[in-house]
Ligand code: SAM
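The chain that follows stands alone, in the form predicted on its own, written as structure tokens.
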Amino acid sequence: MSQLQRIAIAPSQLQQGQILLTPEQQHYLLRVLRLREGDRFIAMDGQGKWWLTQLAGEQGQVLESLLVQTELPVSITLMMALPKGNGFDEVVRTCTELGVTTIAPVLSDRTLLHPSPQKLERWRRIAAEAAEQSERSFVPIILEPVAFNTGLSLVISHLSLVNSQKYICEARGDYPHLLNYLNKQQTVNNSSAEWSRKQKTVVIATGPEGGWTPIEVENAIASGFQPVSLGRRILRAVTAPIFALSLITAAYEV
């Protein structure tokens, strides 16, 4: 079953036991994959539900619901200053594979890219494709780009201050390594039955080429973020979030 093709659908496409495939999905299944009547594939709604589905004409007939447990025991929000060029595309793809829940692109003082609305749709499509490939139960939410300070306000207003850990990665300065905090937090989690029953949230903020400005770091600290290091070397803007997500995933999945 794991070898079956996975297709991300909108919840509204499931109607009375049938998957109403879009023209693009029909083309992909029928023309690209060359599936035939009765062939099976997996439909996923990006919100935690999978269905074993059988091709019936140009639609899909749901055969049964599937239980999939591939998500992390922690919700991860990546707040990333947009890098130049198309580097954000690869960040969206790779961080989706690693288990990110929400990606919040922000415009910092040193951001060079000012994306068009078409870019946002592209990023959401990349996230859906990466979720299919990596057998995720959920497709990450890609928020609209906002100014950095607006992003900080959104984090504060939408996250529980009790259950969230917020980190801003800073290449300059004598800050503890992110891994130190993750290891310490895991020790607290393992010794606290009360915490284990709550949904945990980790927010990680990574900067643009040239890094965050001192004012941006100060504003993040005032909003409850802990400055952290990702090591002695200076990472590229597109490398830092992938490295940070890898550390978080390893800390919570073992």
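Residue numbers here begin at 1 and follow the sequence given. Nothing here was measured: the structure is a model prediction, and the numbers come from that model.
If you look for the form predicted in complex with the named molecule, you will not find it shown, but the lines that follow are about it.
The stretch in contact with the named molecule in the model of the complex, judged by heavy atoms within 4.5 Å, is 204-212, chosen from 204-212, 27-35, 218-226, 63-71. Site annotation in the model of the complex: the residue of Leu14, Leu245, Leu21, Ala237 reaching within 4.5 Å of the named molecule with a heavy atom is Ala237.
When the named molecule is considered in the model of the complex, Ile9 lies well away from it, no heavy atom lying within 4.5 Å. Though the partner is left out of this view, Arg172 does reach within 4.5 Å of the named molecule in the model of the complex, counting heavy atoms only.
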